[in-house]
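Only one chain is included here, represented as structure tokens and corresponding to the form predicted on its own.
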């Protein structure tokens, strides 16, 4: 029997579950303006996964990268959810990312 698919499915479920947590905590502590950096890291991990020879590592890195890309699109939505009271709102100043003025002019993506 080959349990690769089952194990990969469970690992994917775990990675996606962690994605929900880091989006909520990440927006709370850092804000949504960090989305381009998170998206860039996600795409970089996906590209790296294309060049790995180990199937397990390649698959897990690709899933993690895709989860980061999805999460980057959810950061703005999470900020809105926090503002309307669905989640805790952090009123303290959040660290600003590099090139913040350029990022503010770009519309944050959403799926």
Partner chain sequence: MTLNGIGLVAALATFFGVWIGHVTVRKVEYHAPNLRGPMLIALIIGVTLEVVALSSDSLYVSGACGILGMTALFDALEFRRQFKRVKKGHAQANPSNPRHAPLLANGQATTIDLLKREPTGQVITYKEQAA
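Note that this is a predicted model, so its numbers are computed, not measured. Residue numbers count along the first chain shown, from 1.
The form predicted in complex with its partner chain exists for this protein as well; it is not shown, and the discussion that follows is about that form.
By the criterion of a heavy atom within 4.5 Å, residue 34 is excluded from the residues contacting its partner chain in the model of the complex. Put simply, residue 84 is close to its partner chain in the model of the complex: some heavy atom of it is within 4.5 Å. Taking non-hydrogen atoms only, residue 63 approaches its partner chain to within 4.5 angstroms in the model of the complex. Interface membership of residue 69, defined by any non-hydrogen atom within 4.5 Å of its partner chain in the model of the complex, is confirmed. Heavy atoms closer than or equal to 4.5 Å to its partner chain in the model of the complex belong, across 1-18, to the residues 1, 2, 3, 4, 5, 6, 8, 9, 10, 12, 13, 16, ordered by sequence position.
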